[in-house]
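This document opens with one chain alone, in structure tokens, the form predicted on its own.
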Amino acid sequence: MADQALDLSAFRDVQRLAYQCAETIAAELKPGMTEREVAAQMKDWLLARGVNDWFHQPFAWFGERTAFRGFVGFRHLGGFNPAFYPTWKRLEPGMAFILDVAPSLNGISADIGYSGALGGNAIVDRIMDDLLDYRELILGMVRERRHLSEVSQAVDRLCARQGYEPRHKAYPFEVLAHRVEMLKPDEKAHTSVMHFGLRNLTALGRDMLRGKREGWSPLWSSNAASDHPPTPGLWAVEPHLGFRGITGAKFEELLLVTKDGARWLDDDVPHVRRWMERGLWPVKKSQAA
């Protein structure tokens, strides 16, 4: 349903629901909880509020796993468990965490990432502050109609200047972002395969076939497949920064791209509210230049 008009208010509502889930569960985190327990709590919270499908079910990563150490796509180089899927790793005081979930409600999907640390962590605070630069950079370059590969490469260069590793490059297909489509609405529960919703995977596959014919890709990365101007639609964008393989943080939210512009779907999101509280946002023009 890529060509039909998007119900932006509905996408905003689902994104806010996903963030509300992450904030609620994050506030209840305690030492000793495992990634699997936390991911299950997020899933139960969302199912209780009407979620009936997924782009992907909840993920939780703790400690050095937030930096995606050893992650390569769906594999983990140093162990048996697939990289992304929640493990029995336990949360400890001061430990970084990332909560990531992509629920669908009656055909409307969002994909969010929420970062923090149990009891505080100076490295996480620094990364979260610096992520503001990436939000501004991505939006500005998309508004300039720069090729998506150029935008992703600029993100990679900014990581290098700031001393971070672009850990989104460890995601499947090295994506900085991916398309999100509106699906046929209904209220029944839908099938997931390996934590990913079958309907959303099918829509992504259709986009890949269509994009191949038309010269664009629904998977936004630094690679040649993304060497094209921004494609109108909704994109779940997730710059993920790692620091020395020990700590990582990211945000993920929906970016609306139109034929002649772009904007973040919603500025009432946790990382923006955090920047406001710390006096970092909105960015002054002289500061951004």
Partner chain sequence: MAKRKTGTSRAEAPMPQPRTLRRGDVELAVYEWPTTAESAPVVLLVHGYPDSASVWRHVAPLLAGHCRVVAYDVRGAGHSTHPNHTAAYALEELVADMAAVVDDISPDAKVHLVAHDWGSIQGWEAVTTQPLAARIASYTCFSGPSLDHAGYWIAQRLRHASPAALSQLGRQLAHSWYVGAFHFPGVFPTMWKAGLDHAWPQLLAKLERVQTEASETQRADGVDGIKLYRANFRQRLSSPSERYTNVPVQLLWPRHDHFMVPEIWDDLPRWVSRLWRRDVDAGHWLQLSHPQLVADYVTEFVHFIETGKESAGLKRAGHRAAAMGKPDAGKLVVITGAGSGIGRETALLYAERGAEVVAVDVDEAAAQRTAELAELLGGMAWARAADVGSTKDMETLATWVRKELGTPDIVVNNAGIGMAGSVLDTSVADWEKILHVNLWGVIHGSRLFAQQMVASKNHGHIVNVSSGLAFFPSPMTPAYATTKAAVRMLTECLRAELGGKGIGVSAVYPGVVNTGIVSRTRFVGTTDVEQQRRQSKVQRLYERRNLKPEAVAAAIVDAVEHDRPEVLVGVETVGIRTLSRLSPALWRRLARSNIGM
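Numbering follows the first chain given and starts at 1. What you see is a predicted model; the values in this text were computed from it and never measured.
FYI, the form predicted in complex with its partner chain isn't displayed, but the following is about it.
Its partner chain is not drawn, but in the model of the complex it has a heavy atom within 4.5 Å of R244. Within this chain, K184 is remote from the site of its partner chain in the model of the complex, having no heavy atom within 4.5 Å. With a 4.5 Å cutoff on heavy atoms, Y164 counts as touching its partner chain in the model of the complex. Although the partner is absent here, M194 is not a contact residue: none of its heavy atoms lies within 4.5 angstroms of its partner chain in the model of the complex. For the options L198, A189, L209, A160, the residue carrying a heavy atom within 4.5 angstroms of its partner chain in the model of the complex is A160. I123 is the sole member of L139, A170, I123, L132 with a non-hydrogen atom lying within 4.5 angstroms of its partner chain in the model of the complex. With its partner chain omitted here, the record of contacts in the model of the complex names 124-132 of 104-112, 199-207, 142-150, 124-132, defined by a heavy atom within 4.5 Å.
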